[in-house]
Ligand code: ADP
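Encoded as structure tokens, the following chain is the form predicted on its own, with no partner shown.
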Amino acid sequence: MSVNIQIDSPIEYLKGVGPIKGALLKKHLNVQVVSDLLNYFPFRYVDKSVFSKVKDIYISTEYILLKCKISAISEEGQGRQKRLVALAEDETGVVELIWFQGANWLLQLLQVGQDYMIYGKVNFVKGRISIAHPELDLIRDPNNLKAQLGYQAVYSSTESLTAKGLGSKGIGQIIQNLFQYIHHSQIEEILPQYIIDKFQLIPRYDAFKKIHLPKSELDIIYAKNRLKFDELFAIQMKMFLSKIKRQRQSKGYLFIQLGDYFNDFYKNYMPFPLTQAQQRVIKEIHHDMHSSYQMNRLLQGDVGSGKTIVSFLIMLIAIGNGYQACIMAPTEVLATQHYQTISGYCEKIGLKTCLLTSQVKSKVRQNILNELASGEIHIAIGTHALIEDPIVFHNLGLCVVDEQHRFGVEQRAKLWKKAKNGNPHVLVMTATPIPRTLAMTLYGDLDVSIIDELPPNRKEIKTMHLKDIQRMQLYNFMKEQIEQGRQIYFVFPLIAESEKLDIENLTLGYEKLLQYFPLPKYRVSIVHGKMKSASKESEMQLFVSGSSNIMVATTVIEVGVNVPNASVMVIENAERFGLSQLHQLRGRVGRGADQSYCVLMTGNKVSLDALKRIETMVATNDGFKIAEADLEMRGPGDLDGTKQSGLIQLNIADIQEDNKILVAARNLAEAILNKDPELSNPLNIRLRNQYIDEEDNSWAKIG
């Protein structure tokens, strides 16, 4: 009985699959239906387009394709050492083929005197050329070898799949069978013809066929270009449509004037002059706030670039227009730091602030809730405690979310819903510089402002790499800095998987420092997450007040601690940190007018990857250059702070490699939707079918 295979047919219906293999493909590869298999792309290709001769094999040869006759077969060795050996020869020489497994099965298949296509990795054993576990294909028709030559796709698999005949070759065979049933009409074209012509893209069906069953390298290039463009264009279309929809549905409060509070503070109480970049960003944000749309803007700024003062000035605009503002931070340390800074500013101009974290209890908490509801409090600063149910704002007009990647979409949505009668403006901030290509993919539906300039009085932090063997050099340097009145951070890594061991290392490191920096001449504080809050706060205050010279800590100080007199950052086991985290930690110093230093301590031997990270840190202080290097080394899915790039599950495109395609796709999507936001032009009917009629995503509006 012939089966009518469609693109959405369950995978087990396909020839060569069946219920058992189908269940395995679903479990291990999440291949549920035929279209999932079409989108299970090869990760590399084997060039089987040209035969070599045995005489062409050199010591440098890695893989080779031969056309040889099997001249002899024998079993050698005993027990575990047993192996099957076949001699394969052409007119120029002999190669030894060896199998350590499957001897009985192969003995039945191999035929002496027959010609085979042989492909595999070349080894030299005792002067003989050998190939272990080669791929073998019987040459069926010597006069028509073209049908068996070409590029062979290689697919990712697992041991358990391979054991059931679903290794790379097995998957490839099923995909070959698939194209006996799937035809042009079943893979609909999703792009208008004018886009296909403009970018010289091959048809979508051809792209799928060529990526799985290429005849040449050109086939692979054309197929990848088409499928990568489709993927990146789809992301950009969805983001721009989401932005258009949000602007239409989410009318924002009108903040027409800067207001008296802004003007008073700006003229009389600014702690330092704003940089040109800060002034530009404030204008961009205010432009959003006095349009009729709800603002959803991402504020990027390197460590120390002055995002906090910018966000405070924006909050003053909201208050000057009769609304409340709030700022939500991911940790109590950072929330407290914001509160200390912002409440100090607010006292000067007669505004009331509050700090709301899990540590704020009972009567104090109830007073805060009452004053938020009545509008007596102008600015609320807190952690996720701000989004708890009992909290009601009188008239929330602006939400600032700091280090926004640390909050889930649902948490941000809850904060947004605290506004009673409309949509508060949303400003999300990050101190993790995001490369432009990644920003336009991750945050393409947000407007982006970048503070790309540091305050003029900031001296560049000098970064150096020292190894364990140079530890006395480090201690002498620390003593010199303390003699000059400076303070020092001494940071140890803390990783969840090895938390207990890391705390022990920190404690040992602390005790070792006490030997070299003893009381009463020196004072060393210690802070880590396992300490009681009161002890932690006490130790932190000793350092903040200048009473202790050195603060030994885990990465609890990564955000939130601002001690201008701390001019040295020592990072222990620096090879264990990612680039982004190293850069964030370094940013804790360099806050004052003195020359600051960052010392990266590593073992005497470090891996090449770790060394590359250390060298990047020593070479530059530019957060965006560091972020670009991080993206290049580790890929977007693993960048610190962008782990929710699950928002963009890229199947074939690569943000770094395919930057040109990404930019072209973005520019095109923007141009199309600027001209035809409804996609009502008949030329765009395929795009309308693809994007406008999709099921609504209720979270798409949340910044």
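As the structure is a computational prediction, the values presented were derived from the model and not from experiment. Residue positions are given as counts along the sequence shown, with the first one as 1.
Absent from the display: the form predicted together with the ligand. The rest refers to it.
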query	finding
Contact assignment for the ligand in the model of the complex, among Leu191, Leu274, Ile282, Leu474, heavy atom within 4.5 Å	Leu274
Of Lys612, Lys169, Arg458, His184, the one that lies within 4.5 Å of the ligand in the model of the complex (heavy atoms)	Arg458
Contact stretch among 368-376, 305-313, 255-263, 517-525 - heavy atom within 4.5 Å of the ligand in the model of the complex	305-313
Non-hydrogen atom within 4.5 angstroms of the ligand in the model of the complex for each of Gln278, Asn562 and Arg591	yes
In the model of the complex, residues of 317-332 near the ligand [heavy atom within 4.5 Å]	none
